[in-house]
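The chain below stands alone, shown as structure tokens; this is the form predicted alone.
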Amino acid sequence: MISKHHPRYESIKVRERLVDGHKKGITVLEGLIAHGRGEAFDYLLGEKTTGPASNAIRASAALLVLAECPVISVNGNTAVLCPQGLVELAEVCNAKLEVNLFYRSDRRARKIEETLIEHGADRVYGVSPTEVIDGIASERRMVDKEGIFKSDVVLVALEDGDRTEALVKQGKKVIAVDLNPLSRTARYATVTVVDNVIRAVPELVKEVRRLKNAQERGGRDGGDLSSDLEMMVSAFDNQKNLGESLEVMCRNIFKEYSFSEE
């Protein structure tokens, strides 16, 4: 039993959820290693949603609201870390949930499907994929005909760069949630939220709801909100935003440690 007074209580709880997910056949050991790498970047962010991340979340929400066929890609880690949030996000932006795995097995796909349904999902795509995305060397190339294959906007988290690059080459808009602003995924994506997925998903739900409510009321001056959202997306510079996230990390390092030149 971990004491709630432990300084890393929340972090340890998250790790235990991932370990429990492995015991249930949802996460894999490689995914646990990836989480540790991401946690190191989270330290540098100050373990909070930064200004650049908030800007990226607003642009991401606009993309999801504008999308005709949005899809939320789910892997083992995200299925364990934020299943309820992913289901809520899918509901609020009318998106499909699709299982997509680097280390794929039918058993893992079914386990993730079961987890999402337990948290309120009506249907989960990608359990028995039939289509292939060219340019991807891993099992992530297998996608659902009615899901990622026909999507116009795909949200990916804890992703590998080759699939992000391939999806963008197909003309899809990709929203990435990635703690590493230097990763290929972060650089290739249309919009990258440099944040912990546990924090980012609830904020995305709030922002999409806010935009949907504004859309129902009418855009600025009572007009169509779509043009405002399109301007929000076009004004977002992903590379600049990634640079700003790196600046946050550097400032945090120098704030915590003093360096002197000899």
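Please read these numbers as outputs of a predicted model, since none were measured by experiment. Residue indices: 1-based, along the sequence shown.
FYI, the form predicted in complex with a further copy of the same chain isn't displayed, but the following is about it.
With the partner left out here, if you bring back a further copy of the same chain in the predicted complex, are R15, E30 and N180 all within 4.5 Å of it by some heavy atom?
The answer is yes; R15, E30 and N180 each reach a further copy of the same chain.
144-152, 93-101, 180-188, 116-124: which one contacts a further copy of the same chain in the predicted complex at 4.5 Å, heavy atom to heavy atom?
Looking at the partner contacts, the answer comes out as 180-188.
Of the options L66, A214, M232, L44, which one has a non-hydrogen atom that comes within 4.5 Å of a further copy of the same chain in the predicted complex?
Filtering the options by heavy-atom distance leaves L44.
Taking 4.5 angstroms as the cut-off for heavy atoms, does R37 touch a further copy of the same chain in the predicted complex?
R37: contacts a further copy of the same chain in the predicted complex.
Hey, in the predicted complex, is D162 touching a further copy of the same chain, heavy atoms inside 4.5 Å?
Contact check for D162: yes, within 4.5 Å of a further copy of the same chain in the predicted complex.
Heavy atom of E10 within 4.5 Å of a further copy of the same chain in the predicted complex:
The answer is no: E10 has no heavy atom within 4.5 Å of a further copy of the same chain.
In the predicted complex, which residues of 228-255 put a heavy atom within 4.5 Å of a further copy of the same chain?
Sequence-ordered list: Q239, K240, L242, G243, L246, E247, M249, C250, I253, F254.
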